[in-house]
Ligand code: 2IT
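One chain follows as structure tokens, the form predicted alone.
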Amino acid sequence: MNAYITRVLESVKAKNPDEPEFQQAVEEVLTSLEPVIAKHPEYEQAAILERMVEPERLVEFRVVWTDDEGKTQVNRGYRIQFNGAIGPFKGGLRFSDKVNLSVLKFLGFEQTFKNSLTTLPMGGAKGGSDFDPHGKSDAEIMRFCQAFMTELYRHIGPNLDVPAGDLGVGGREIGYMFGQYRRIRGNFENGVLTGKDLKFGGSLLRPEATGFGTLYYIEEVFRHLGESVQGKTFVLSGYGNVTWGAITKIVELGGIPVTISGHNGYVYDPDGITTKEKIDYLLEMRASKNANVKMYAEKFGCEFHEGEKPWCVKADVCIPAATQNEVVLADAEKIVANGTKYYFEAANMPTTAEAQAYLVANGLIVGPAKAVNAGGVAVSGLEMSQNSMRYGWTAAEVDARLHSIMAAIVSSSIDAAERYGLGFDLIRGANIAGFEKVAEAMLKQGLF
């Protein structure tokens, strides 16, 4: 490995010893950059990698709120503004009891390259809290969101940092936070958050965006390979917006999705999740207070496998769309044994490094998360544009722009890999394409 890259990786591990997710994300990107660093000694001279692996700003704060019993609760909030070289910081807020600095730093680091790939002028950031919204009343969630924004508002703005939703943060939470921001600021800066309701500055197609974008990415990859979505079977994990959007578009393009999964197991529908009734039920099921995928199996009379993952199901395409590190080596071995040819990451870093290496070594075409699931942030960027214009595009206009962005991501990834003699390598190609734009912007802006 290049000595400069090795030195930076060793430094990251020494400075962040208890942050495995962040270490994994940095290693995946930096090891892809060997031919780039060899060709551009100016990056080492300007310490681009050392600067790129350190967030520009990391804010940590307490969030104090009261539950429905009147008891005071204390959570921890974060905003990590990782890199703003190409535009205002942009990235989601995640509310989950599994939120910690390692997870948020890896997400913010990845977001930098993901946003670069979209071609839109957005820097990378991430944030959230260890607050778990499950089982909380609407009033409790509102009070928490208001308390969270009472600190966060100091660090964001339409031209500084524009958060969006993520795990545990949907339209309801964005609405409560925007209301509190408006109350504190005393004006209507609707460009400060994305994922808003359509009634106050949201964009059409935002809930579907990541899932739709995933299929537009796959469709473009298949076009390069002379393949088609038509007739192919798809195994998916998760049952949230990403999975629902992906399933909707798979069916529209003639594919056959056969699984969904949740915390309690997975469902296998051999007839395919292909009818309007089944797809609509995914939304109804998710809206239930005690949502779990077993409800789907009971309603439509198909298999539920308690406590298991769907990767043992034979399919042409696998799409992990739930959470980080959900696919480990044992799962990758099952996927390969099933003869699966294509693997596209619709969640953030859903595959362990060991599992991803095994899939690649066994000849699967692997689409990396930072490229495959960029549709969500792409439409968030389009929402920012609409907010600045005080004008809303039609669903068809947003969809066309999303489709164009995802096709460009595939093309730039393929071109970057070929330019450095790496062949058809979507992973390294995406890392290089995302890196080059940010690195050049950093060089031109001097020491910042």
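Just so we're clear, the structure is a prediction, and the values are computed from it rather than from any experiment. All residue numbers refer to positions in the sequence shown, first residue = 1.
Although it is not shown, the form predicted in complex with (2Z)-2-iminopentanedioic acid (2IT) is what the next lines describe.
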(message) Under a 4.5 Å heavy atom criterion, is G92 part of the interface with (2Z)-2-iminopentanedioic acid (2IT) in the model of the complex?
(response) yes
(message) Does any part of E208 reach within 4.5 Å of (2Z)-2-iminopentanedioic acid (2IT) in the model of the complex? Heavy atoms only, please.
(response) no
(message) How about A164 - does it come within 4.5 Å of (2Z)-2-iminopentanedioic acid (2IT) in the model of the complex, if we only consider non-hydrogen atoms?
(response) yes
(message) If we define contact as a non-hydrogen atom of the residue within 4.5 angstroms of the partner, is S380 a contact of (2Z)-2-iminopentanedioic acid (2IT) in the model of the complex?
(response) yes
(request) Tell me, out of T194, T351, T112, T214, which residue has a non-hydrogen atom within 4.5 angstroms of (2Z)-2-iminopentanedioic acid (2IT) in the model of the complex. (result) T194
(request) Consider the chain as shown here, without its partner, and state which of G124, G376, P368, G128 has a heavy atom within 4.5 Å of (2Z)-2-iminopentanedioic acid (2IT) in the model of the complex. (result) G376
(request) Would you point out which of 277-285, 165-173, 317-325, 247-255 contains residues with a non-hydrogen atom within 4.5 Å of (2Z)-2-iminopentanedioic acid (2IT) in the model of the complex? (result) 165-173
